[in-house]
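This document opens with one chain alone, in structure tokens, the form predicted on its own.
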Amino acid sequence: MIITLKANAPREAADFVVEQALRFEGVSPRVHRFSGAGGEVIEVHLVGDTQKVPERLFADLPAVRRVVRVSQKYRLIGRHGATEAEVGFTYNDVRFDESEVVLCAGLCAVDTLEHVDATMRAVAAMGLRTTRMGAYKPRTSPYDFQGLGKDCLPWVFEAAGRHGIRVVSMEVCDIRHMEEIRAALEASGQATGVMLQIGTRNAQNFELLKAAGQQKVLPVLFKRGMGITLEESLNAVEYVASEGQPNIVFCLRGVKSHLGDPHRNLVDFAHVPVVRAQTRLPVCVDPSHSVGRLRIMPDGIPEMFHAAGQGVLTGASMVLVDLHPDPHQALCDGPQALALDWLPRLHDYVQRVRACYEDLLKSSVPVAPDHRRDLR
């Protein structure tokens, strides 16, 4: 059972809900706080044998907005039928929600200080405040470049602070990597912020997922597992949330298939509205790893742009893209990395598609809430 309090309800109201819940044997209340667009939202989750707990006990309280009995698998991240559910969070002054699209472009793998500085300068020049910087790189072959690791963290964070980059998306493959990132951030004087990225190869590394959830400071970007079902991936995200970290972005990055070319992975961006309907997570799309190469289409627009547009047009609120000053020198995924001079064009494309999406929301296309049903 989930008891959602009204926005900015006094914390004493949550204490009272907890006190009432503890009257029932076998019921354990857990308080979760979410930073929503309308302010802080408090939810009290009752875990255990809640069948004997009457909904009316909480529904009649003045501070309570909604009481839901949860039968779905995704207890914490699930939308549970609430169309107006709060989505997203704010971290280091950057808002991750459904109100706009965050373009996060940067190095798939950090290689040199010069490339880091040039990339962040280009990102900042576009007014963007997020980037990706891969310090730890799991690779299919043990002989491929594995990333510079903790040695590059001091100058990556210093450069981010100097260029006004507020959030760096950085993949972690081991609990030790989280500790190294936190230590380097502290040593930098918190020059920037980090979003911990759980890569597709670690989508079911449950100890890593638990550790990401147990730390309460750094938000998490979870990439869908390349060879597992959407349900399995969402359950993996639930591992993170169940350990106490609610600030999570779900990223679609394509899945493995036997269908082969033309793309590196089978583009799964049609699942953007599916994830949005089932969860309260902001949804990100990664066209770089989905398409896997740069190719200009007959209309003169890069294929990767069109893939990104498919996600944005269905409500994705973040786009993750590989960017490099010289893709031919990139030590990881160079063939799919955009050169810096393509960034303004991608930014313009994403904004135009987002404007189209917002225009559709104002039109007659959306169905009224009382008519939401399967179309036959």
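This one's a predicted model, so the numbers in the text were calculated from it and none came from an experiment. When you see a residue number, it is the position in the sequence shown, counting from 1.
Note that the form predicted in complex with a small molecule isn't included here; everything after this is about it.
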### Task
Tell me, out of 219, 199, 147, 193, which residue has a non-hydrogen atom within 4.5 angstroms of the small molecule in the model of the complex.
199
#### Entry: Listed residue (177, 280, 129, 289) with a non-hydrogen atom within 4.5 angstroms of the small molecule in the model of the complex
289
### 4.5 Å heavy atom contact with the small molecule in the model of the complex for all of 6, 31 and 66
no
### Query
Is there any non-hydrogen atom of residue 208 lying within 4.5 Å of the small molecule in the model of the complex?
no
### Query
Is the gap between residue 182 and the small molecule in the model of the complex 4.5 Å or less for some heavy atom pair?
no
### Query
Closest heavy atom of residue 159 to the small molecule in the model of the complex, within 4.5 Å or not?
no
### Message
So in the model of the complex, is the small molecule close enough to residue 268 to count as touching (4.5 Å, heavy atoms)?
### Response
no
### Query
Heavy atoms within 4.5 Å of the small molecule in the model of the complex: which stretch among 296-304, 281-289, 114-122, 235-243?
281-289
